[in-house]
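Taking the form predicted on its own, here's one chain by itself in structure tokens.
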Amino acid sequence: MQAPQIDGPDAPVPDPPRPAPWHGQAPVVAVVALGGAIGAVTRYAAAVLWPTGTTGFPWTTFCVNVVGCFVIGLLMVAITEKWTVHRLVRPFFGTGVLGGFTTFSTYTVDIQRLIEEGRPATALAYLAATLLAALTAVRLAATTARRVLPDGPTARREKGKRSS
């Protein structure tokens, strides 16, 4: 048995065709890839310039992660509270460059290595110090950015707007 056909103004309207999931995402993927390559090369350069010995404390990874977190704090305040930027700035610089630059996977491997070498106290200190320093860096950078960076036109309009 076939369903009755409804014609007229009450007839069901078919859904409009959906865009493909990747529709419009190619520029975002491209800038994340480019930024990631830049960040990874920069991190590699830091490791080459300041190598950590096989038994040394992983200072390079520690510094890279803390500096990366500081820059992320600056960036997020700048582009979300202070200025209006192009839609590709955040994926390029935040996800790409800074995501490629920081290396929390290496951090965990360093902790594992320290434990396997029989230095659990150093591993625990590294674990805690990185977490504390990274969170402090983000907080310090965000506070500094809010005080130092000038407001863009969007931020000035938002501050002048009265709430109802």
Partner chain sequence: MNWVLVILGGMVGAPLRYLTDRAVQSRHDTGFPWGTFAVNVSGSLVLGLLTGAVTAGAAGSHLQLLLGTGLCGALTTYSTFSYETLRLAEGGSRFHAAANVVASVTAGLGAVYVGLAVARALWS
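Residue numbers count along the first chain shown, from 1. No experiment lies behind these values; they were computed from the predicted model shown.
Just so you know, the form predicted in complex with the partner chain exists too; it's not on screen, but the next bit is about it.
Not displayed here, the partner chain is approached by residue 36 to within 4.5 Å at the level of heavy atoms in the predicted complex.
Of the heavy atoms in residue 145, none are within 4.5 Å of the partner chain in the predicted complex. In the predicted complex, at least one heavy atom of residue 112 sits within 4.5 Å of a heavy atom of the partner chain. Contact annotation: residue 58 falls outside 4.5 Å of the partner chain in the predicted complex, judged by heavy atom distances.
With contact defined as any non-hydrogen atom lying within 4.5 angstroms of the partner chain in the predicted complex, the contacting residues in 117 to 142 are 127, 130, 131, 134, 135, 138, 139, 142, given in sequence order.
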